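Have a look below at one chain only, the form predicted alone, in structure tokens format.
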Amino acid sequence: MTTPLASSVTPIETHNLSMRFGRESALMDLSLIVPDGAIYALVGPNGAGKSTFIKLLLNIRRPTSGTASVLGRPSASISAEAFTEIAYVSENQELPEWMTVSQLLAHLRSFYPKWDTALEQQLATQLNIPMSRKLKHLSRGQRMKASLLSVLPYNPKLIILDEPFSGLDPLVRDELTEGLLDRAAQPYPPTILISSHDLAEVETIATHVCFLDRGRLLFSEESSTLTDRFRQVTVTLAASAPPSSLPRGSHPDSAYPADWILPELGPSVLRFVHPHADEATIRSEVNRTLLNAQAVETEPMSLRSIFVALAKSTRSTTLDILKANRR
């Protein structure tokens, strides 16, 4: 989907990045690299640290410890000049309400020497934006499209989007997605970081996924690798066979192998999520653990299904499992 940038500068890189608010840790020892030209999805439940991470990248906040760099610059030294190469759009984007969309764009052109007027016109048509309407009269979806239109024409090298799909109808989401994919298809595409809860949209465009949970990095890897390795496992239990080596009914997660996530045992079926899709390994674990296992079926999982399974899991071992299986 993407082509590497001509520059060898890493778009985003962090080392042991941490942020505390009093006794609470918003981020803990976050180390990751966002590849050139990636569409990098930052996902996780509420309070995972996604917004804090973005604010640290853009020098809106200073970390308690650790470092971050954006386009080769230390985040702590990013100033207004850097935003000729960095675009930032959030769901609560502040816009000059009294201006029309056309007036906003005319105002912005003077700040960006590389502003592409032809691209501006193309995007305005593609996104179906009412150019003569005042910003205060735009719907939520129109405001988000206007925000995107206000940053793409100056061809930033890095685009950071904070919850861009939140509360939008399907048509607007499709239009935004199409605009982003068009940018990603350019010969030297920008790197795009998307923080989003809309996993269905993220799954259609993301080349990489980073999962945060309570300030910790669970994994950061290519989307295809992630969906290739997670499986929903269904084990059919034979009632006439010797009893299971585990007690039936309710029992603690610790009774299962460490890499079985969200095990659910019924009268004749056991279901769980496995973070490593090696069929031989799964079957071997099942046969060792369940004496009355009759059949084992595995199914691929969508990004949304993986996210929901991990978000629901309260097992203390989940973090160690994912780290051990990280690619």
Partner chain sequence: MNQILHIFRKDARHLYPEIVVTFAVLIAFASSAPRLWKPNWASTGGVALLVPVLLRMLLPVAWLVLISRLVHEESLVGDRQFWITRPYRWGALLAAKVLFVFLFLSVPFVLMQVYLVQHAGLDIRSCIPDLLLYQLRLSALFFIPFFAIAAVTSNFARLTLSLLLGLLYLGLLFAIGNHVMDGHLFPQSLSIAGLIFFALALLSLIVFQYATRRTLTVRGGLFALPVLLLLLGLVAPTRSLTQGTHPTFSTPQWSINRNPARQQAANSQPVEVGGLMFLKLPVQQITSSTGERFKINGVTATIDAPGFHWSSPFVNNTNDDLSDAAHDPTVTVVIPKNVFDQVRTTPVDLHLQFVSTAYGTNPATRERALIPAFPAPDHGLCPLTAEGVVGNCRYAYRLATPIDISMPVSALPCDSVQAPVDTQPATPSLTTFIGSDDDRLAFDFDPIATTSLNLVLPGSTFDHPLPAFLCKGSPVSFTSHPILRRGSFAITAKTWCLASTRSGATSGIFMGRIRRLPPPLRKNIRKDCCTLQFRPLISRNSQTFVSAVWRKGSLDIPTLQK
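Just so we're clear, the structure is a prediction, and the values are computed from it rather than from any experiment. Numbering follows the first chain given and starts at 1.
What comes next is about the form predicted in complex with its partner chain, which is not displayed.
- Its partner chain is not drawn, but in the model of the complex it has no heavy atom within 4.5 Å of Y188.
- With a 4.5 Å cutoff on heavy atoms, Y256 does not count as touching its partner chain in the model of the complex; it lies far away.
- Mapping the unseen interface onto this chain, L108 counts among the residues with a heavy atom inside 4.5 Å of its partner chain in the model of the complex.
- At the 4.5 Å threshold, heavy atoms of L95 reach its partner chain in the model of the complex.
- Residues with any non-hydrogen atom within 4.5 angstroms of its partner chain in the model of the complex fall in just one of 169-177, 80-88, 213-221, 119-127: 80-88.
- In terms of contact with its partner chain in the model of the complex, the residue from M301, L262, L58, A293 that brings a heavy atom within 4.5 Å is L58.
- Contact annotation: of the candidates L199, L138, M131, M99, the single residue with a non-hydrogen atom within 4.5 angstroms of its partner chain in the model of the complex is M99.
- Not one of F165, L193 and I205 places a heavy atom within 4.5 Å of its partner chain in the model of the complex.
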